[in-house]
Each structure stands twice: as C-alpha cells, then as structure tokens.
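Just one chain follows, in the form predicted alone, and it is written as structure tokens.
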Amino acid sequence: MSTDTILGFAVAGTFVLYALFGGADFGGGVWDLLASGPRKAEQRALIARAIGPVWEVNHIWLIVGMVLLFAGFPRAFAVLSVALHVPLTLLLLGIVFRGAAFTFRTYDTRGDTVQRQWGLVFSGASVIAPVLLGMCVGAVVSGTIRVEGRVVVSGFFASWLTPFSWAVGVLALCLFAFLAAVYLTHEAPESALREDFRRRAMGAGVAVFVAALVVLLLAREGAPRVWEGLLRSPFALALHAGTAVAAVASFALLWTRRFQWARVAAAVQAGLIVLGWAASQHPFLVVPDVTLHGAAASPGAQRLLLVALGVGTAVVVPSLVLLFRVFRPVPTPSAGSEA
C-alpha cells in the first residue's frame, strides 16, 4: 500500500473520530437548546456534566486531520482553504463562540438574563457549526469546486450553497444530535431522564434516515460522482450495508433499553457513514479535479509525516484514555443494570 493511501486512511480516520466525539458535543448543544418539560433544568445539567470536563479536547481530531491534509496533501489543502474559506471561517467562529459561551454560562450568576443569553449563543453556535461543516463536505463531493492549474475558478459561494450541500449540512446536524442523545441515555443518572433522551434519540434517528434519503435523492444531480460511487463501488456498498445494519441495531437496542450497546451501535453507524462518504468519492480528495495521488506531498515528506503520526498516536491516545477515565461521569448502578 502506498504512503499516500495510508495517509488518506489516516485523514478519514480523524474525521470519523471527530464525528464521534466532537459531533456528539455539537449534538449536546442542540439538545440544550431543545430542553423542555418538567426536567428541563436536569436535562441541561446532564448535558453540561457530560461534555463539560473534556469537551474541548475533542477538537484535537479536527486539528490532526487538518495538519495531515496540510502536510500530506498540500494541493488539496490549498484548494479547500481558498474555495471554502467563507464557511470554514464561519465554522471556526462558531466553535470559538460556542466554547466561550459555554464557559461564561457555566461560571456566570445562575438564572440571570446574561447567563440565558450565553446559553442561547452556545446552543445557536452548536446548531450552525455542524450545518456549515456538512455544507463543506457537500461542496467537496459535489464536483462544484473547479480548479484550473493551481487556481480555483468556481468562486467562493456557489460551491457550498447548493441544495445538495444544504441537505448534507442538515444530515450532519441530525446525525450529531442522534449521537448525543444516544450517549446521554447511558450517562443519565435516573430512569426518567434516560427516557427523555431515549425519545429524543429515536426521533433524531428518524430525522437522520429522512435527511440521508434526501441527500441520496439529490446526489444524482448534485453529486454525480458520489451517486456513481454509491451504486458501483463495492467498498461503498459494503459500508452502506453495514450502516443500515448498525442503524437497525441501534433502534432495536434503544427500543429494548440496552443503552450501553445502543451507544456502540450508534457510534458504528456514524463512523460507517463517514467512511462510506470517503469510499464513494475515492480516489478524489476534491471532486473532480484533485486526486489523492495528485495532491500528495513528496515521498520523503510523507514518510516523515507517517513517523510523526505514529509518535503522536503513541503519546496522545493513552493521554486521552486517561483523561476520559478521570473526568467522564460514571453511570449509576441503576443505569448500568438497564444497560
């Protein structure tokens, strides 16, 4: 296997991890906005407790992915940073505003107007940022980013404001909300709160199915390369079949209240969706003008990058495992018995 292919798998892997961890944090903000009912305060407290201690560290996977793209595939990085600089800048602003608002809301005076305003900023940014992220993905796969030589000739807006890109943005939002709700069913300390998020998880799962169907229907005209990949690539078909199985399993496990295994099934479902997207657009990094091989850095630079990736993985992964073990909330015995 060539070094550029290995690095391509590594980039896809970082996006999967970002969807599973960072995406769930965005989803927590969605449910913070939609908190309702007699346990409204408890729902928000659970979300804050679940994401509070470690949530910023989840962005490490986005940073690693961007660094791999910058160092391993500099031409693709240059094209994307030019063609999508508007939504990417808005995405980064959303991440910054979200983090600042969450911190100020946590340490502000309880129940005052300013704290509620910080809460709205946190929740609003949690909704907007995933939509922008999905719209960037939609632009990358749709074939609307055109490059002549080293120059982007498709403009700065048309590529990510298509109906297909909007649909992918909504799908990303629904998927992240689904992940967060499923995760929270396992971390809720009491049965009533678990039932709140169980109902939200099943509703969000239906929304994911509808959004994915809309994306598929729009892909025929809006992203023909991906449409072809979905129908003809054996790897993509296998991944999509696996996604369907994981989706059915997560619904069945939620229905029977096996929340711990539902969390695993939901994570597998989300991971396979991201991998299926990557497989369906292979060998392109930016459809249709930038390929994985054509955008790769020199072989020497790629080998050094792989060494750095191995050393970084050996240091970062154990550190993250320790961090999560120390700071993650532990389910109560009653939660574990239902899991």
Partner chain sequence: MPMTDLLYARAQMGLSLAFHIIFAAAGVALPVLMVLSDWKGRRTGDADYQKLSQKLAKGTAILFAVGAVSGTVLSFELGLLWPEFMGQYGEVIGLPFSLEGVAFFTEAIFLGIYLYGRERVSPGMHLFSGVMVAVSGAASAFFVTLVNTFMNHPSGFTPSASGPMDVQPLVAMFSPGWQYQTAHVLLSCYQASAFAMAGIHAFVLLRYPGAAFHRKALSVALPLACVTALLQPVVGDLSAKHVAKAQPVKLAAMEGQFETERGAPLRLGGLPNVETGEVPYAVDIPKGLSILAFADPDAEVKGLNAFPRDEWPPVAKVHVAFQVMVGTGSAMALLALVTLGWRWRKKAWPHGRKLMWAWLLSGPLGVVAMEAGWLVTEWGRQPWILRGVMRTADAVTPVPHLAAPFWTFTAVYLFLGVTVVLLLVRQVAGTLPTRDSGLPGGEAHVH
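Only a predicted model underlies this, so the values are computations on that prediction, with no experimental measurement involved. Positions refer to the first chain, counted from 1.
Keep in mind that the form predicted in complex with its partner chain is missing from the display, and what follows is about it.
In the model of the complex, its partner chain stays beyond 4.5 Å of every heavy atom belonging to W31. Heavy atoms of W118 reach within 4.5 Å of its partner chain in the model of the complex, making it an interface residue.
Its partner chain in the model of the complex is not approached by G242, whose heavy atoms all lie more than 4.5 angstroms from it. Contact check for H85: a heavy atom falls within 4.5 Å of its partner chain in the model of the complex. Contact with its partner chain in the model of the complex, defined as any heavy atom within 4.5 Å, is confined among 309-317, 280-288, 267-275, 35-43 to 309-317. For a residue to qualify, one of its non-hydrogen atoms must sit within 4.5 Å of its partner chain in the model of the complex; all three of W61, V64 and Y107 qualify. Residue T103 is the only one of Q260, T256, T103, T113 with a heavy atom lying within 4.5 Å of its partner chain in the model of the complex. Note on the partner interface in the model of the complex: the residue among L132, V170, I95, A181 having a heavy atom within 4.5 angstroms of its partner chain is I95. Residues of 65-82 lying near its partner chain in the model of the complex, listed in sequence order, are M66, V67, F70, A71, P74, R75, F77, A78, S81, V82, the criterion being any heavy atom within 4.5 Å.
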